[in-house]
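We begin with a single chain expressed as structure tokens, specifically the form predicted on its own.
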Amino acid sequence: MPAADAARLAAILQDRRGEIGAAWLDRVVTELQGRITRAEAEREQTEIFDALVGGLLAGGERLDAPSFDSLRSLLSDLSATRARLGFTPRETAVGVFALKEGLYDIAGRGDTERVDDVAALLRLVDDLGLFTFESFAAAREGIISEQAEQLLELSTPVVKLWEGVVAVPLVGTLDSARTQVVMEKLLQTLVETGSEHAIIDITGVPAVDTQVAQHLLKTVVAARLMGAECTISGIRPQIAQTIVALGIEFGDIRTKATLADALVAALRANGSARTAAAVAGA
């Protein structure tokens, strides 16, 4: 699109701003059905329209041209906001695609030269809509990743059970990503509390296979490098049978059937015999 053509397209938008904007706004308000107010839709529309016209006046031939930097930034911010507010991809993209409503009216008047110009504008609007959709998808993926990380951290708490003793109660499947979080949180807690004993409780882990065992061993080794001894608790009969059948070796790692047994053992190893006896009898 030559610079002269871009300027002509900008002139069409400016000359027909009123009717294009009215049709655009009506379509957006109708489609979103109260998701945003008419005033909010009009403000967003004005910002998009001004950025579009400004890019065309600066000679923008394609959406990726530098003259459309502000427009792309505006659409990216709008898409990210929509994603955070829970809008659907359709509800987000309609704010751009609805611009076509007013352009269709102009094209329908039969002016051949004007029809060609409007066709160019419609192609540009398609590019804007696709960019908006892609920006929304990227923003949504980022939000989902953040939420997954937050849930992962919440699902792997490190609890201080006693002076010098911390525990990691695991629930659900233990994979590589979760193991990394467990390691980081456990090591950080060991440093903060100065604990010398850590209990990894797998009562809530549905099954232990070779991969899960390897993840547990990595966590134990990491804790030992920090000077803490680990006990794995929650070894139920079914899990014990599976471990034996698979030939999994925990080596010199201490294992206990219950979290209470592991706590008693940790307290005894810590020299708190009286306290351990009290805990065992509780």
Partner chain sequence: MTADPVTSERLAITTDGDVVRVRQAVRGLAQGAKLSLVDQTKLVTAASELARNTLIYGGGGEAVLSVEANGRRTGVRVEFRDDGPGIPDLDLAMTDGWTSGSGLGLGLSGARRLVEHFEIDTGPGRGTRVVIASWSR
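Just so it is clear, the structure is predicted and the values come from calculations on it, not from any experiment. Take the two forms, superpose them, and find the largest set of C-alpha atoms that agree within 1.5 Å; that set is the rigid core. Positions refer to the first chain, counted from 1.
The next section is about a form of this same protein that is not shown, the form predicted in complex with the partner chain.
Asks: Have a look at 34-42, 51-59, 65-73, 231-239 and name the one stretch with heavy atoms inside 4.5 Å of the partner chain in the predicted bound form.
Replies: Single hit among the candidates: 231-239.
Asks: Is residue 210 one of the residues lying within 4.5 Å of the partner chain in the predicted bound form, judged by heavy atom distances?
Replies: Yes, residue 210 lies within 4.5 Å of the partner chain in the predicted bound form.
Asks: Is it the case that residue 248, even though its partner is missing from this view, gets within 4.5 Å of the partner chain in the predicted bound form, heavy atoms only?
Replies: Taking the distances in the predicted bound form, the answer for residue 248 is yes, it comes within 4.5 Å of the partner chain.
Asks: Is residue 173 close enough to the partner chain in the predicted bound form to count, meaning some heavy atom within 4.5 Å?
Replies: Within the cut-off, so yes.
Asks: Residue 214: heavy atom within 4.5 Å of the partner chain in the predicted bound form?
Replies: Answer yes; at least one heavy atom of residue 214 falls within 4.5 Å of the partner chain in the predicted bound form.
Asks: Taking the partner chain as it sits in the predicted bound form, which residues of 79-98 have a non-hydrogen atom within 4.5 Å of it? Please list them.
Replies: Nothing in the stretch sits within 4.5 Å of the partner.
Asks: Once everything's superposed on the core, is residue 41 shifted 2 Å or more at the Cα between the shown form and the other one?
Replies: Superposed on the core, residue 41 moves its C-alpha less than 2 Å between the shown form and the other one.
Asks: Taking the rigid core as reference, does the Cα of residue 86 move 2 Å or more between the shown form and the other one?
Replies: Moves: no, less than 2 Å.
Asks: When the rigid core is used for the superposition, does residue 99 move between the shown form and the other one (threshold: C-alpha shift of 2 Å or more)?
Replies: No, because once the rigid core is superposed, the C-alpha of residue 99 moves less than 2 Å between the shown form and the other one.
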